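Before any questions on binding or motion, here is one chain by itself as structure tokens, the form predicted on its own.
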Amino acid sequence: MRVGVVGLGMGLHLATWCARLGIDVAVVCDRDPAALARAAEALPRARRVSDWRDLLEEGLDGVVLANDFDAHAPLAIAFLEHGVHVLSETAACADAAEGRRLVEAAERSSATYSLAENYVLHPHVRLIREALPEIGRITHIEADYLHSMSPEGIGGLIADPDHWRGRIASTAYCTHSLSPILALTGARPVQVTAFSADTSTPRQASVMAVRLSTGALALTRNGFLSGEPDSHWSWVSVRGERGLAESVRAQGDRAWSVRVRTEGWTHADGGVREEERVPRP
């Protein structure tokens, strides 16, 4: 399998792993000469280019997009139209209209489009998945992806128009909260209502209410809000017909643990069952 990689920050890490897995990294691309020089050391056999359009004529099987968050969709659409499989390293779309165009291109293409989402495999999400048979059909689910940072730290990330965080709406970066929800429920969003958490700083955080195809309601909080644990920035809570499974709000390794509760009326002895479960090493 021959692949190309666009964007050599995180992309160089992914390209290196592709090579370790036996995938032929045929060409790498970045506008920064220093990034291309680093790639030459790590992947000396890969052709190096500065314009992603050069990859369209390489006869590639697939491409990994690891360029700026808000610049994936046009590239993805172009590669899909050329029959090249696409893996986006992050959420690809800056707005809903761009998302629709990408979905339409994927549906037309003979190739596939994939989104890399690591939060669906985090330890607390795995523990919650294992507990789902105990708590029954999901009726309500919540997930947070929040960073607790100083105003100066936040400003350094979202106030710079030359960085993608300074260009996108707070509602656009919702994957680390919404993806675990979709993975746990097996659902698709059918209706979305989204708000900035604070109109005085609209890029800082957002809240979304999502009606799922299963009928359940999902709530997400995304961005920068104070008071969150400093371990992995993720919290997930699932309410089923018979109980609850939610990650523990705590610092350090305990933030990977999950509290599971099943109601007394679901047991012959009428007793509530509740325990904190710790992920395997």
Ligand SMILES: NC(=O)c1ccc[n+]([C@@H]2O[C@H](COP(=O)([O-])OP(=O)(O)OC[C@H]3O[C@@H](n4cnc5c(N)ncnc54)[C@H](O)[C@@H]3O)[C@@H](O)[C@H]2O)c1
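Just so it is clear, the structure is predicted and the values come from calculations on it, not from any experiment. Quick note: we count residues from 1 along the sequence shown, nothing fancier. Only the largest set of C-alpha atoms that superpose within 1.5 Å between the two forms is called the rigid core.
Beyond the structure shown, there is the form predicted together with this ligand, which is absent from this document and is the topic of what follows.
Peer 1: Using the partner position in the predicted bound form, report whether Tyr113 sits within 4.5 Å of this ligand, counting heavy atoms only.
Peer 2: Outside the cut-off, so no.
Peer 1: Residue-level question: is Ala26 within 4.5 Å of this ligand in the predicted bound form, judged on heavy atoms?
Peer 2: Answer no; every heavy atom of Ala26 is more than 4.5 Å from this ligand in the predicted bound form.
Peer 1: Can Trp52 be called a contact residue for this ligand in the predicted bound form at 4.5 Å between heavy atoms?
Peer 2: Yes.
Peer 1: Report yes if any heavy atom of His163 sits within 4.5 Å of a heavy atom of this ligand in the predicted bound form; otherwise report no.
Peer 2: Yes, His163 sits close enough to this ligand in the predicted bound form that at least one of its heavy atoms falls within 4.5 Å.
Peer 1: Hey, with this ligand in the predicted bound form, do Ile128, Glu134 and Arg242 all fall inside the 4.5 Å heavy atom range?
Peer 2: No: none of Ile128, Glu134 and Arg242 comes within 4.5 Å of this ligand in the predicted bound form.
Peer 1: Looking at Ala216, Leu225, Ala35, Leu60, which is the one with a non-hydrogen atom within 4.5 Å of this ligand in the predicted bound form?
Peer 2: By the 4.5 Å criterion, the partner-contacting residue is Ala35.
Peer 1: Which of these residues, Thr139, Ser148, Asn118, Gln191, gets a heavy atom within 4.5 Å of this ligand in the predicted bound form?
Peer 2: Looking at Thr139, Ser148, Asn118, Gln191 one by one, just Asn118 meets the 4.5 Å heavy-atom criterion.
Peer 1: So if I measure heavy atom distances to this ligand in the predicted bound form, which of the stretches 39 to 47, 216 to 224, 63 to 71, 242 to 250 falls within 4.5 Å?
Peer 2: Of the options given, it is 63 to 71.
Peer 1: Hey, which residues along 257 to 281 are within 4.5 angstroms of this ligand in the predicted bound form, non-hydrogen atoms only?
Peer 2: Nothing in the stretch sits within 4.5 Å of the partner.
Peer 1: After core superposition, I'd like to know whether Met10 moves between this form and the one not shown (criterion: C-alpha shift of 2 angstroms or more).
Peer 2: For Met10, whose C-alpha is compared between this form and the one not shown after core superposition, the shift is 2 Å or more.
Peer 1: Would Ala92 count as moving between this form and the one not shown, using a Cα shift of 2 angstroms or more after superposing the core as the test?
Peer 2: Yes, shifts by 2 Å or more.
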